[in-house]
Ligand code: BES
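Just the one chain here, laid out as structure tokens, in the form predicted on its own.
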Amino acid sequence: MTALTLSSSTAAKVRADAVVIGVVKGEDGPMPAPGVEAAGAVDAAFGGRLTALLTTLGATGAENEITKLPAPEGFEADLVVAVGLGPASGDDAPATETLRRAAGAAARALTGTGHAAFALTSSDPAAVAAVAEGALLGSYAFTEFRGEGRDDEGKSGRGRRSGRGRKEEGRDASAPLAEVTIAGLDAKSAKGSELKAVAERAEVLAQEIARARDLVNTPPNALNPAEFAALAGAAAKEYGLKIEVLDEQALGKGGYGGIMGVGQGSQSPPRLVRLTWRHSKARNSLALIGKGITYDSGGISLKPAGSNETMKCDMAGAAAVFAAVVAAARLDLRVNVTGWLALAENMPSGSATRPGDVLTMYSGKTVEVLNTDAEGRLVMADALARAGEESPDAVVDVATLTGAMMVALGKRTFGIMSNEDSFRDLVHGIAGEVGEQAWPMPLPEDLMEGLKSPVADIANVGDRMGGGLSAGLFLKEFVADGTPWAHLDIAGPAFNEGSPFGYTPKGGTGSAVRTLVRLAERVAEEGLPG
């Protein structure tokens, strides 16, 4: 993982391979970001010609645009990296999400570099946190299954630095940025301890998002339900969490018909993992439920060619919940958080659930399975019902649940549904606060008509139109009465099939982890509204 340090040294004096500054889109071209001393100092070191130089190189200051220049005389670093922050807005500082994305874009542009000093902000704690998160998240790389460039221990080599921060020969050009320093901070002021705290939080958050990304990126032949449960067990031991794992015998005996029904077609049997963080001074509790389909073929309702290749990502909800619970423990949050990982592999075989089968769920409801590719809601329903027995103060489930949500909101925004408008608005507001794109969605009661079954209590699919909302209505049927509940459909942003952008890599993104962690912090600090 990329190392993070804070420094009071100016951008010119940090011993690093590169210095990152922010520039905005002004009327006459890219200009130093207002209110950030480092950007102005770099301009001064260039004799006030920074705008002219950047313009000559084709820069505009557009968001996340990267322009590299040789460092001016007197700098310890060899390279200046100017990252665009978008249109200038007077003397106002850039928004935290703008800084987060810019730092991530710069970190990605510095792949193969040993050490970079980021001079994108003053000593404002929120801005420092955003830069730290963006730089660390942008430095992510998944190398577990690459054979080239591995050291004797089988780990991807990151190269070494000299004492002055210069790159040594032989460093892997594809290795992520190894060290990040946030420069120009007044670390000795009254804000010093606060800056240290936000930096430590950013490190934990980035490491746990990397955990979620790694899980999503792991190929399905290396991550089946039992192996996922074993990883949760190892983390529980390391961070002092309580864990309970129900295997196929316990699930069958316990009446978990949804999880068993989805997993019975696979040679890798299902698991339900209960992962718990408890704080001695907690007054509130959260239950988090994650969809963990380690591979989704569609089952008997087999997915068409071209729709299977990325289905290792169908456990992104469970990965997000796993990471969020570990983060709550590492941050010592004063809230009790229980994560439920509903793990199964959806495969076609002679023992697989068929369209037309009726499953008896953990809650006792019966479900007619009309489409075996609508399997996520079945495992989630069992976990929701089981979690409700512990009477948490609120429940949030996270799932790559429906393609319909991508049709509605695109590939970068997740939908939020809830049985209480106030709770939905709280979660939506928190998502915006941490920089995750989300949008509140309704649960129209008229769509329940399509979920009616002539042979069971409910069908697992309804009308095609509004399919993402029907899925939310289905899940709502398994939520305990009176419990605030939110459903996050992260089908779009959980896996990036396109090019990297900002701090978001290609592949697994860690979607919803930041929202879940901030929600846990909010509940720990303020409780729930109402």
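Throughout, we count residues from 1 along the sequence that is shown. Values in this document were obtained by computation on a predicted structure and should not be read as measured data.
There is also a form predicted together with the ligand; it is not shown, and the following applies to it.
Residues within 4.5 angstroms of the ligand in the predicted complex, judged by any non-hydrogen atom, belong to 373-381 and to none of the other stretches in 275-283, 224-232, 260-268, 373-381. Residue in contact with the ligand in the predicted complex (any heavy atom within 4.5 Å), chosen from 296, 133, 397, 208: 296.
Among 461, 50, 475, 59, the residue placing a heavy atom within 4.5 Å of the ligand in the predicted complex is 461.
Proximity of residue 444 to the ligand in the predicted complex: non-hydrogen atoms within 4.5 Å are absent; the residue sits far from the partner.
For residue 314, a non-hydrogen atom is located within 4.5 Å of the ligand in the predicted complex, even though that partner is not displayed. Using a 4.5 angstroms threshold between heavy atoms, residue 291 counts as touching the ligand in the predicted complex.
The ligand is not shown here, and in the predicted complex it never comes within 4.5 Å of any heavy atom of residue 428.
Within 4.5 angstroms of the ligand in the predicted complex, the stretch 379-402 places a non-hydrogen atom from each of 400, 401, 402, taken in sequence order.
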